[in-house]
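One chain follows as structure tokens, the form predicted on its own.
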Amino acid sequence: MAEPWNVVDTGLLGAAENMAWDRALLEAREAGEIGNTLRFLRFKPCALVGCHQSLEQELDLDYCAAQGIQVQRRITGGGAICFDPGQLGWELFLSRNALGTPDMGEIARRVCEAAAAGIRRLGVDARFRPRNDIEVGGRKISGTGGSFEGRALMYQGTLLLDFEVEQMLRVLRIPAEKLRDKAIASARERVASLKELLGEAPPVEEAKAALTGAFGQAFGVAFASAALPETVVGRYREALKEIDCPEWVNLVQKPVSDAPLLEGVAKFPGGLLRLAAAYDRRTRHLKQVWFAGDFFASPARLVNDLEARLKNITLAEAEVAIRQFLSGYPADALSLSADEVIGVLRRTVGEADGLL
């Protein structure tokens, strides 16, 4: 068996402390101060934006302030996300060649399949869903993502032990349509927690043991607990000074007017389609698209999977993605045609850009 990997648990921390540990451990792995490491973490209530995102464009800052929800910036890219103590975070800090491939798609598959095996040990049928989600019965139970830093890789995931959909919808700046009762019910259909699936959330220690065992089996390694070297603790302290300050949190400031929340609606023979989109006017990219309304879709996850394809792409790319995605289903799987869906999206974005 290969050299043991480290396992550390930094416990329940605030957003700034968790981000500082991310930076410290990634830098330490790159510098060779630690070996391959699995970290477990939990968050006090907070909302995080990606490194290059603007808080004003992504979050309802008034609501966060009123509810005492911390806001912070990640050291990696990606979209805004909410955390609370009901979620268990897991992170792998590895050498670039630890998994035998530099391809992030293949890395995501290997790591997510291992994590899914760990979640199955807790009593649910978790499966990897490309590109980087883990689902149970078509419902997301863990989101993941990774990034390289020189010779080091950080791959992160979050297991939903318990989850408050309403809180997520209030914290994130998303169209009002998503806050209505029907949309909340729809969000509950797309996301699952272990508490909901099992009747109660498993103890945190049991969840950590299941994931640790599955990673060990998948990668052919044993895990050993050890105190972090003082050099790493020093890196953490320095990182915390830089991260736990307004200059870092407000590193990117873009006006809300540059990222309008768009809504479109149209009635077709196959049903009523409501569309909402977060759109970046400056880069002309759709950040995210949501669908609702009164139409037929089978399987139910068809809409969820289509939405997952329409993130951070141009309108032209979205049109291609919609056609390619729907071509993989029978003609009667969706009571709306690709042309109808694309037409509503095109009109909605065109009106926002002054093209119509």
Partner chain sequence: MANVNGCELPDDLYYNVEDNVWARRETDGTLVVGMTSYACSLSGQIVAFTPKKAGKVVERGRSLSTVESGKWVGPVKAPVGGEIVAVNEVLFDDPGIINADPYGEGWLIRLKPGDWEGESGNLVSGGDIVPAFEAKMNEDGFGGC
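What you are looking at is a predicted structure, and each value in this text was computed from that prediction instead of being measured. Numbering follows the first chain given and starts at 1. Definition used throughout: the rigid core is the maximal C-alpha set that superposes within 1.5 Å between two forms.
Below, we refer to the form predicted together with the partner chain, which is not included among the displayed structures.
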| query | finding |
| --- | --- |
| Stretch from 140 to 148, 119 to 127, 200 to 208, 216 to 224 whose residues place a heavy atom within 4.5 Å of the partner chain in the model of the complex | 140 to 148 |
| Contact check for 78, 102 and 251 against the partner chain in the model of the complex, heavy atom at 4.5 Å | yes |
| Candidate from 107, 192, 243, 88 lying within 4.5 Å of the partner chain in the model of the complex - any heavy atom | 107 |
| Contact residue in the model of the complex, chosen from 51, 308, 302, 313 - any heavy atom within 4.5 Å of the partner chain | 51 |
| Any non-hydrogen atom of residue 95 within 4.5 angstroms of the partner chain in the model of the complex | no |
| Partner proximity in the model of the complex: residue 133 to the partner chain, non-hydrogen atom cutoff 4.5 Å | yes |
| Contact flag, residue 259 vs the partner chain in the model of the complex, heavy atom cut 4.5 Å | no |
| The partner chain contact at residue 154 in the model of the complex, heavy atom, 4.5 Å | yes |
| Displaced residue check between this form and the one not shown: residue 42, CA, 2 Å or over, core reference | no |
| Core-superposed C-alpha of residue 313 shifting 2 Å or more between this form and the one not shown | yes |
